[in-house]
Every structure is written in C-alpha cells, then in structure tokens.
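First, one chain by itself: the form predicted on its own, in structure tokens.
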C-alpha cells in the first residue's frame, strides 16, 4: 500500500469534511492539522513531528495508541462475528459478556447496561429513561433536569441543551429549554477569595437546593454532572461536593446521573470515578 499523501488528505478534508466545532472563518485558508500516525502516548503529524497526545484522542484512548493486543482482539472478533443486532430479544456473546463485566464493576447497585454509540446518545438515552421511569410511576410532572454551567454532555439535540457551554449553541435552535435548567459549575478557580473550600461547597449545595425549590421538588427528575468536568476546564469539585449533592437528590426523590465518559474505565485509578 502506498503511503498516504498528506497534502492530498489536507485538501480532501478541507473540501469534504465537516468537523465538530469548526471555525469556518479560518478553515478554508488553514484547513486541518493532519495526523498520520500514532504510537503509545504520541501522535505524528503530516510533517513528521512527534506530538504528545495530552487529551488522549478525545479523552478516550485509555491504553495508548497502536496496542498490538487490542488490534488482535478486534481482528479476531471481526472474523468470528463483526455485528449482530441487540434489538428485542436478540443478543450476542460479546455484548452479554461485557454487560456482565460492567455490572460486576459498576459503582453501588448499578447492574444493568444499555449500549449506545457515544456520549451524546448515552445522555439522550439517560434522559429518556428518567422520563419514562417517572411516567411509569405516575409522576408525569417530574421531568425537569438540572445540569451545570460549563458542563459538556454531548452534541445531539437534548445533550446539547444539557451542555452548559453557551458558545456551542450559537446559531442553533434550542430544544429542551422547558425542562433543562442549570446551576453553577463547581469551579475552584472561580471560588471567591474570601471563601474556604468548605464554605464554597456549602454555597454550591445551597444553590442547588434553592434551584430545586424554585422549580418545585415534584417537578425535578434528575441532576446530571461529570465527576470531573472535562471540556469545561478539567475542574475538580470541592471536597464532599458530589456526596452532598447526591444526599440532596435522595431527599427529593431526584435521580443522579454521573456522566463518566471522561472519568471512567480506569482513567483516574478506579474503574469509575463515582467510586
């Protein structure tokens, strides 16, 4: 196989590919950075420069690039059976085995798995399940979701509204504004100078309580949060924040959705940051 032509790839990409978060004011002239190879924790660009992949692909290259054992496992599975649908009462062996593993390693009593294609569809599915759950309980008003400013939860219609980064919504119609609301991010860098970490945690938890009261506890279905905020600035919450937010949720019969797309599967030393 001939080595790919980096200049050709740059031109084809500029002419035909729409990238998430493209700045069209400069894209026509500048095009994209072309990455032509990857190994371990490094990627190589079209000019042969070796670069540290500090963001790990897009937070998802947990074990590094170019792992031979991963390639062999993918190859063996694709040869045996590359796909079979899981709809209705159908399944396949890898899906069942992975579901069992996830059930054994997920936090607390979480022991069921619903497969999706990525963060956006996962969070959309979570909201659908939350709404369905409350409808089945006869709580048809309990549908509002509280997210956080600066949160990133995806780019599909509902997930984009959950996202608390306003620049991602410029020019787009808004879907879900009637049931999706936001509170402050747990941003220690924005902590007022006269507040201790404990006082700042108190402030955030009280804001959450106040928002629930404002919306009505009988109307609030769930709170969604990243254990460590990713795209919003890699923000670590003050000590005790997530535990106390969970306690508030339990008091008001509110579900807690931990968006672990960035923090799960060993990235922080545990299988799930929620542990």
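Given the structure is predicted, the values throughout are model-derived calculations rather than measurements. Positions refer to the first chain, counted from 1.
The protein also exists as the form predicted in complex with a small molecule; that form is not presented, and the subsequent description refers to it.
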### Summary
Partner-free chain; cross-checking the small molecule in the model of the complex, the single residue of 86, 99, 176, 118 with a heavy atom within 4.5 Å is 118
### Task
Give a yes or no for residue 123: in the model of the complex, does one of its heavy atoms lie within 4.5 Å of a heavy atom belonging to the small molecule?
yes
### Message
Since only the chain is shown here, I'm wondering whether residue 27 would be in contact with the small molecule in the model of the complex (any heavy atom pair within 4.5 Å).
### Response
no
### Message
So in the model of the complex, is the small molecule close enough to residue 59 to count as touching (4.5 Å, heavy atoms)?
### Response
yes
### Query
Is residue 153 close to the small molecule in the model of the complex, meaning a heavy atom pair under 4.5 Å apart or at it?
yes
### Query
88-96, 176-184, 153-161, 75-83: which one contacts the small molecule in the model of the complex at 4.5 Å, heavy atom to heavy atom?
153-161
